[in-house]
Ligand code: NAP
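For reference, the chain that follows is the form predicted on its own, supplied as structure tokens.
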Amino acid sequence: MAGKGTVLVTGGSGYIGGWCVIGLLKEGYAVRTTVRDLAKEPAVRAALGKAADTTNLSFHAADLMSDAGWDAATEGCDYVLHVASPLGVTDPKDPDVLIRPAREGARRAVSAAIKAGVKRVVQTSSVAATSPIEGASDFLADETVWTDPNAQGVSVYAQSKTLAERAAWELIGEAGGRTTLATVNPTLVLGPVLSGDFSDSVQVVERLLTGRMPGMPRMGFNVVDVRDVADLHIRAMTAPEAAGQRLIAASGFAWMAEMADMLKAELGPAAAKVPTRKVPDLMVRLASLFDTDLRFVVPRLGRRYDFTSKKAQELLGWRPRPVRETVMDCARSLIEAGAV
């Protein structure tokens, strides 16, 4: 067993979960991770092994929608990072496709952690759970803001993240024991991928590089590096002052046109397909009537939805990378993985 203790990371095959596993292994922890099917272990171990020695990594089978496996995965752990949760770019016809696994998975992971007597749970939430009403004017939000899942226009994904986070806080509050909770609420997560099987969030860069986005809508995001998100999870896991805190993980805002300029400036011929044409708002609105992937874009057209990570920086000394470094490392890793 590694000297620092044992940590369970749920969803180690995922983007954020994988980098959390890497960060913990590098710091000397014994790490367990959950996957739905243990047949995934060789591929996941190989991907993570590109960035860390996986000797102290073990795998457990556990599903967000089943009680089986959770007690065994958490027994004897010092900490739990609950990262596993479904990601949805577009709204499914049935909201429960996202909401049930997110909320029930949080309940299972947190309940098992409380039962095992772990010191702290850090749950991956999202700024989708810290946002004013969708379609509102430009804003800068902090952790005091809670998304209203019942408000008109709130995406199913935002509902799922909000309800899952609420469920975790309720369970910890009801238990009243030694297990404490912190949540990490990232903005758009980019940065290096470990394989060609990458998160939907990375599609922002992938679509620019492949030309799958023929033109750029007047749209932007606050970006954060996946390595910095993992770092914040690990800081929140052990810092006494992080107990009971929501912590936004955000670096800075960039319009899609600015991201395209970064790629063009630094990648040369590899950025040949990156679009330069800007798409008028009206054209995006018309196209969204026929293309469901575009419907989530419309409320954000021309709006700057921004988030501050001041609390994480002041409370835990967390320092995110510049957006440009994150975007470029993401792009280069996609090229290296043969994904573009």
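This is a predicted model, so every value here is computed, not measured. Counting begins at 1, following the sequence as shown.
Another form, the form predicted together with the named molecule, is not on view; read the next lines as being about it.
- Site annotation in the predicted bound form: the residue of L163, L188, A116, A239 reaching within 4.5 Å of the named molecule with a heavy atom is L188.
- A84 is the sole member of L208, A168, A84, V193 with a non-hydrogen atom lying within 4.5 angstroms of the named molecule in the predicted bound form.
- The closest heavy atom approach of C20 to the named molecule in the predicted bound form falls outside 4.5 Å.
- Contact annotation for F221: none of its heavy atoms lies within 4.5 Å of the named molecule in the predicted bound form.
- Taking the partner from the other structure, the named molecule in the predicted bound form has a heavy atom within 4.5 Å of a heavy atom of A62.
- The closest heavy atom approach of Y157 to the named molecule in the predicted bound form falls within 4.5 Å.
- The stretch among 63-71, 274-282, 50-58, 305-313 whose residues place heavy atoms within 4.5 Å of the named molecule in the predicted bound form is 63-71.
- Shown here without the named molecule, the chain has P101, T124, S125, S126 in 100-130 lying with a heavy atom within 4.5 Å of that partner in the predicted bound form.
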